[in-house]
Each structure stands twice: as C-alpha cells, then as structure tokens.
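To begin, one chain is listed below as structure tokens, in the form predicted alone.
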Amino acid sequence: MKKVLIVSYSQSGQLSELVTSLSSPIRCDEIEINHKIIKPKKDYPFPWSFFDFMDCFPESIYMDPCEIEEVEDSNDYDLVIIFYQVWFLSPSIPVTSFLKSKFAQDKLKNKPVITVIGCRNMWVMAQEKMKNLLKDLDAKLIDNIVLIDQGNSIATFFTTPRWMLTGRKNSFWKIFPEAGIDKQKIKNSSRFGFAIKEAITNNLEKENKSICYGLNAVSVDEKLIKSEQIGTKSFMIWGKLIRKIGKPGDIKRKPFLALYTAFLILMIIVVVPINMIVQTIIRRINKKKILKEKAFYEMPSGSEDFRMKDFSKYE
C-alpha cells in the first residue's frame, strides 16, 4: 500500500477546504493518507489584530521558527504534500517551523514533495524560500500548485486585508468580490488529486519529476516579480532592525512597526505605480528575458494545460 503524508496549517480555514478537495480523489483502498496539521504551541489569531499581523513580519521574512507541538509517526512515506499560506512573501511561520523540525528531517529526506499554495497573488519569493528549505532536507520538489484569491490586484488589496483583520470576506460595494480563492477553483483542484492518484498507483512519483504537468498548476504574473523582489529587500532591512529592538509581542516594537506601516503605504501609493510603469517598458524591451524568468518560476509543474481534457470530467 502506498502512503502519502499531507502537512498543512490553515489559519482562516480556507486552506483546509483546499486540502479536502485536492486530497479526496487520492483516498482509496490502495493509498493510505496521513494528514498532519501543524499546531503552534501559541496559535496565531484569526482574524488578526493589526499589531499582531504586523508583528509577524520580521520573523516571517527571516523564517524564524515558533514552537510547535511534536508529531510522532513511524510510517515511511512515498509522497509528501505540503499545503501552505504566504506571510510577508515567505512561507507562514508554522510551516517554516515544521520544515525545521526533527520530524521533517526524518520524513522528507529523499522523498518527492508537492507544494500547494493558497494566497493573495504574490507567492514567487515564498516558493523560492520553500525550495531552499526542502533542499536543506534533501527532499525532491516535483510539483508546485498555486491557487490565488479572486479579483485583480487592486481589488484584493482591499478584500484580503479586510478579511484578515475583520473576518469578513463577503463582497461589498458591488465592485469588490468575495475575499479568498474562488470556491469553484477550490472544487476544481480535485483534478490534481486524480492526477496524483493515477501517478502514484503507477509508481511515477519515484521518477522525481512533475506528475501534475499540463494541468495549469501554476501561472506566474510577470508584472509582480519585480515588486516581490523589491518588497523582499524592504522586509529584510526593516525586519532586521525590528528583530534587534525586541522579541515578538514586545511593546518596544510597536512604534517601529507603525513607522514601517506608514513607509509601506507610502511605497505602495508612490513607488509601486512608478515601478509598474518602468517595468512595463522593461518587459517590452526584454520580452524574451522576462518570459524565461516567468517559465523558471513556474517550474516544475508549469502553466500548460494540455492534459486538462483528460481530467475535464472532474471540473
């Protein structure tokens, strides 16, 4: 019997819905699934308070682990699937903490891994960090699947923070959609489960190459790549400063977090629009280079959809 380990941490509950939809087709007599939910000893609130939210960014960007409950398991797995959120252009702290645990060192070594991301729209830098974390474990990343929030960047700039800080995700003012990932997209993620089931029952996971290729698993928005790179550098500089001032929850951090918030808002209002105009020009001049960069970040699963017809009955 094949054994699959699923690891997840869901703060709002949305990622749990994605776990259910994607994993349901894999559950069968030939495959045993064990789902390990990461449990921080001091859980993160939802909805967030504004200070709690901003107070997480220094540790998120530097991937400082939190204390999590230990997991005991004697199984040896054929495949590992990690579901994660993006916090400040990094994997969420609970997921980072799991990947730095002794359990992860033991269970993921030389194992094929599939990552599944549910987030707003900026995930590229987080996945690059995930690649490094998996490399440190000698794990083999064979697929990456990404589902992003519905609505364009301007809409989600309002709907996602509103959801995180108030818990309200309903559409409003007739122009803003419901926050989060479209429910139909979550439902349609079952196609990946069927592809995974088909692959592992034929031992294809042992080949250490994509098994979700051709299913439109991931699509990089090349317009956001440079913004993510700039944002990461900013987070690193300010995060380093704030970590020196005090530990998470330290009241001495509040003035600096407030100052950085003001700086961030100013950046978004003034710098980001200018950068978008500049990057639009650069993309036209260096189209081949940008497309090559886009293709690199979409690896290993890619954005092609030529196998979708094989799984159309699951849509």
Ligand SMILES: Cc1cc2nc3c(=O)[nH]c(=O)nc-3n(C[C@H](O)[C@H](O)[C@H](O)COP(=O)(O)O)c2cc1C
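Quick caveat: nothing in here was measured; it's all calculated off a predicted structure. Just count from 1 along the sequence shown to find any residue number.
Unshown form predicted together with the named molecule; subsequent notes refer to it.
Asks: Is L15 part of the interface with the named molecule in the predicted complex - any heavy atom within 4.5 Å?
Replies: Result yes; L15 sits at the interface with the named molecule in the predicted complex.
Asks: Hey, in the predicted complex, is S23 touching the named molecule, heavy atoms inside 4.5 Å?
Replies: No - in the predicted complex, heavy atoms of S23 and the named molecule never come within 4.5 Å of each other.
Asks: Is K111 one of the residues lying within 4.5 Å of the named molecule in the predicted complex, judged by heavy atom distances?
Replies: No, K111 sits far enough from the named molecule in the predicted complex that none of its heavy atoms falls within 4.5 Å.
Asks: Is M164 close enough to touch the named molecule in the predicted complex, meaning at least one heavy atom pair within 4.5 Å?
Replies: M164 belongs to the contact set for the named molecule.
Asks: With the named molecule left out here, work out from 210-218, 193-201, 99-107, 112-120 which stretch has heavy atoms within 4.5 Å of it in the predicted complex.
Replies: It is the stretch 112-120.
Asks: Just to confirm, with a 4.5 Å cut-off on non-hydrogen atoms, which of L257, I31, C56, I68 contacts the named molecule in the predicted complex?
Replies: Flagged contact: C56.
Asks: Which listed residue (Q127, N188, T232, Q85) meets the criterion of a heavy atom within 4.5 Å of the named molecule in the predicted complex?
Replies: Selected residue: Q85.
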